[in-house]
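First, one chain by itself: the form predicted on its own, in structure tokens.
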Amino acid sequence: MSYEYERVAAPRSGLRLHLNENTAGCSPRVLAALQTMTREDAAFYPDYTDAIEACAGWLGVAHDRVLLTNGLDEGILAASVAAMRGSEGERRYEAVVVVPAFDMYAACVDAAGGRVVEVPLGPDFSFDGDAVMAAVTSRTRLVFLTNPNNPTGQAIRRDAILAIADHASHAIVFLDEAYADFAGDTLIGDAALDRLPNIIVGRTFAKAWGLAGLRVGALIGSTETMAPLRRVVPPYSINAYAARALPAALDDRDYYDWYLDQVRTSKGLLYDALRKLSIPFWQSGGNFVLARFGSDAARVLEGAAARQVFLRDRSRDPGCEGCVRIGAGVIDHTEACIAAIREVLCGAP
């Protein structure tokens, strides 16, 4: 079986609530920083010192534990290539992926020549740590965990993550914390990481910080575990504009806090609206809400798109039949989304 990332339309106009982007855009300080770029900055290979220092300082870790990547996608690919190196024939290595999941995990493992072992979430998208550990074998080289999960928004308990890392001590446990800014929970800085150096934490600055178009992510882990990944990531994979933008973004804590508050309020509005419409949903730790519209899912997706509100069809994901993922960002955008869904389902203007 082969895997490939599902590319979806990215319209230039309308409300893009289908890609979990920051719907407010980046901090004004980022634009100001980019406006200082010169012709020479574009022509010369970038220096990453300021960007690494800013990232390490924000996360509270040592510089040598940080690896900047071209979006978190490159970090996922680097981990897959490093872990699957030497995988072939009867010695084909495996990666455990808890599904439903971000499809880049499977796509990258497949591209690196590994075998994907899928472990489904439990009832009502509950996390089954025992099932994950049961899937780990002597051929397992990589375990992907997402906290909170995409597309469900559900969290994984700290003790479950640590138990899996202890059980799979011969493998990299890649903890994707792409939505940790919204959940407010992270393993970065946890003393357990010194005891379990096989854990690598992935972060992105696309969601809460609004840098998706510039492509900046980071991996955080022990220097020994990160060493094989550093050999995979190209020396200048972060462009000069992204390197200039990251310190400016991280310097604007007020903007960051404002956007997190917008997301929290927007999720509350979505929960209330879905309850009134009798639509089942899951409370989310991310900047999105997964709702089960059942047989009305296609009608909601098409009707919302006709009103220039774009939502994500997740009905093909395991256990997500009839489900739609709704991005939650700026309050005004969420209110427009709710109005569109009401029009489609109830005919109410």
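So that there is no doubt, residue numbering starts at 1 and follows the sequence shown. Since we're looking at a predicted model, the values are computed, not measured.
The form predicted in complex with another copy of the chain is left out here; the points below concern that form.
Another copy of the chain in the model of the complex is approached by A242, whose closest heavy atom lies within 4.5 angstroms of it. Using a 4.5 Å cutoff between non-hydrogen atoms, P318 does not count as a contact of another copy of the chain in the model of the complex. By the criterion of a heavy atom within 4.5 Å, Y48 is counted among the residues contacting another copy of the chain in the model of the complex. Among heavy atoms of T137, none comes within 4.5 Å of another copy of the chain in the model of the complex. Only one segment in the set 142-150, 161-169, 124-132, 203-211 has residues whose heavy atoms sit within 4.5 Å of another copy of the chain in the model of the complex; it is 203-211. This chain is drawn without another copy of the chain; in the model of the complex, the residue among A305, A56, A298, M37 with a heavy atom within 4.5 Å of it is M37. Counting a residue when any of its non-hydrogen atoms is within 4.5 Å of another copy of the chain in the model of the complex, the hits in 15-45 run R16, L19, E21, N22, T23, A24, G25, C26, S27, P28, L31, L34, Q35, M37, T38, R39, E40, D41, A42, A43, F44, Y45. Put simply, E88 and M133 come closer in the model of the complex: their C-alpha atoms are 3 Å or more nearer than in the form shown.
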